[in-house]
Structures are given as structure tokens and as C-alpha cells.
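Okay, here we've got a single chain as C-alpha cells, the form predicted alone, with questions on binding and movement later.
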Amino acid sequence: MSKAIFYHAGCPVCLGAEQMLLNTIDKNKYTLEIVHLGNDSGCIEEAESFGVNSVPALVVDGQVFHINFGAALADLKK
């Protein structure tokens, strides 16, 4: 089974993308982890290590896919 990580910041764009993923991802093929970077800023470095530079973004098997644009990762750093 492959791992997918969905990073978001809780904005309307991100929440819409999250709902779309929850409704469409094949749970028999992917383990989906959802990370709200607004609430868990400790995961920002992890997201950056995959190449995430804006959210919402989906990382599948280490490859990042940017979905629309909700917020720049740099804007989430405190």
C-alpha cells in the first residue's frame, strides 16, 4: 500500500481539496494522512523536505502535487 500525505492550512480552498480527496482516493491503494499545518506547524519542515511550497498539496510516495493555491508555506511559518 502506498502512502499519501495531504498538507493544508484550513482555508476554504484547502478544505474543498481535502473533501475531494476523501471522496475520491482509493483507500485500498493509499493510506491517507491529513496534516493541518495551521494547527501542526511542527510538520512544516517535513512538508518542505518533500518539496511542498504551497498548500493544499498532496505527497504520494515522496512526489509532491500542488493543488490550486490556498497559502504559501512561507506564510505559515511562525
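Residue indices: 1-based, along the sequence shown. Because the structure is a prediction, the values reported are computed rather than measured.
This next part talks about the form predicted together with another copy of the chain, which is not shown.
**Student:** Judged by heavy atoms and a 4.5 Å cut-off, are Ile25, Lys29 and Leu58 together in contact with another copy of the chain in the model of the complex?
**Tutor:** Yes, each of Ile25, Lys29 and Leu58 comes within 4.5 Å of another copy of the chain in the model of the complex.
**Student:** Considering non-hydrogen atoms and a 4.5 Å limit, does another copy of the chain approach Gly62 in the model of the complex?
**Tutor:** Output for Gly62 is no: heavy atoms all beyond 4.5 Å of another copy of the chain.
**Student:** Using the partner position in the model of the complex, report whether Gly16 sits within 4.5 Å of another copy of the chain, counting heavy atoms only.
**Tutor:** It does: once another copy of the chain is placed as it appears in the model of the complex, Gly16 has a heavy atom within 4.5 Å of it.
**Student:** Can any non-hydrogen atom of Cys11 be found within 4.5 angstroms of another copy of the chain in the model of the complex?
**Tutor:** Cys11 lies outside the contact set for another copy of the chain.
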